[in-house]
Ligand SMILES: Cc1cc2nc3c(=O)[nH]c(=O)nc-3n(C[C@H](O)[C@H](O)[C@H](O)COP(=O)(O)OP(=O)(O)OC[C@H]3O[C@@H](n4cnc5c(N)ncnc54)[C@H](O)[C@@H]3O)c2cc1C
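Consider the single chain below, provided in structure tokens and representing the form predicted alone.
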Amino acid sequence: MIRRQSVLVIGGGSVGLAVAALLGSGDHAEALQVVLLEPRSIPKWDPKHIDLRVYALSRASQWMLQQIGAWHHISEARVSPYRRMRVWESSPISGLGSLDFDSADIGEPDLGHIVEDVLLREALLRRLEVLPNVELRLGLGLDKIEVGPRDVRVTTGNGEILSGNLLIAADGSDSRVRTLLGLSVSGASYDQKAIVAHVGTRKEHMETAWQRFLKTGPLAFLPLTDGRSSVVWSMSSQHADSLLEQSSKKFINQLEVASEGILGGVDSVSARVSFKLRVMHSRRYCCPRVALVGDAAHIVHPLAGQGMNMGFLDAVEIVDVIENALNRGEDPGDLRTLRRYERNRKGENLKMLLALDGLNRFFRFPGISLLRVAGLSVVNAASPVKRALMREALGLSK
């Protein structure tokens, strides 16, 4: 008779759902009982409305979703590939101070896909609902965590006590698990916010992601399936608050100036929302019986759209470590086992965090505009460098 290992997954965002789906459909599914807890309900996807929150998913993330069996639902419902990416500081027309990435240069059909948050979660949730060894417990928050030598116990908001051999925290940047266990983090606020909206433009986006680096922060246009673009515009918190209060017409005028009219005039703008920008990294990714994944372990600047992709790589790695431990007859919740996950992911995540943080600061630093223009132009002319950067972003570098 198989002795089942119990895994508690805390957090019903995309990363937590992916962890549960990978465990519930993997080679050791019959040896695992997975319970996912999420304090809130999971929003429903609306086919008539494109969610404001979207992600640029890499090829590695797509492969993971295909492995789970969720990608088919996403691609059938609504997904927007981007085949090129234009990055510039000065005029993109002149070719100076700009970079042009084209998926054809590395023999790939695209550079990634723009996917809505609610659609991603719905597709993952559909997979979980047909997995017999995965139990979803929505509407349950955490009050207490007790870590013992052989198990971890959580007390929910309604007083229920659940236990498992391992707890995986995927409960976001303000992780309740991390707080209850006293796991410290390093990081800082950028004193910036990103405004997000969908805009209609006079020129077609041509399945291209456009990004301009401004002194106040990056401005990105991401292609959507209905011909509009998702705008992610980073700036000082004070400026963002001011822009959110302005009329649609005034917001459009400032957006056209900031983008140098790269897609022509802006004809329409949706509702606008903003979120604070910060950088954060947990000093430890694990402790006995507990591992942190996704935003619970790290937050990066959104300028390259890598946050969700990093979280999915965490999910793949922690499940791989668990399954390898089971292959060897080891305890998946033992600290020595979890250290393998930390060793394999912490360095990679920190490298990405520092690279994005440095890039953001470099383009905001005054007085070296000519150096930046020259640097972008040199990289654009160096085909091997560009191909390496594209493969890294797609998750094809290993």
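Note that the coordinates shown come from a computational prediction; the quantities given were computed from them, not determined experimentally. All residue numbers are counted from 1 along the displayed sequence.
What follows is about the form predicted in complex with this ligand, which we do not show.
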Notebook entry, point to check: Picking from 65-73, 47-55, 325-333, 27-35, which part of the chain touches this ligand in the predicted complex when contact means heavy atoms within 4.5 Å?
Noted result: 47-55
Checklist line | Contact flag, I10 vs this ligand in the predicted complex, heavy atom cut 4.5 Å | finding: yes
Note to self: in the predicted complex, does G264 come within 4.5 Å of this ligand, counting heavy atoms only?
What the structure shows: no
Note to self: Although the partner isn't part of this model, could you tell me whether L111 comes within 4.5 Å of this ligand in the predicted complex, counting any heavy atom of the residue?
What the structure shows: no
Notebook entry, point to check: If you check in the predicted complex, is E116 within 4.5 Å of this ligand, heavy atoms only?
Noted result: no
Notebook entry, point to check: From the list S229, S80, S259, N309, which entry has a heavy atom within 4.5 Å of this ligand in the predicted complex?
Noted result: N309
Margin query: Please determine whether each residue of G187, P218 and D357 possesses a non-hydrogen atom within 4.5 angstroms of this ligand in the predicted complex.
Written below: no
Item checked: Partner contacts for 195-216, taking this ligand in the predicted complex and a 4.5 Å heavy atom cut-off -> V196
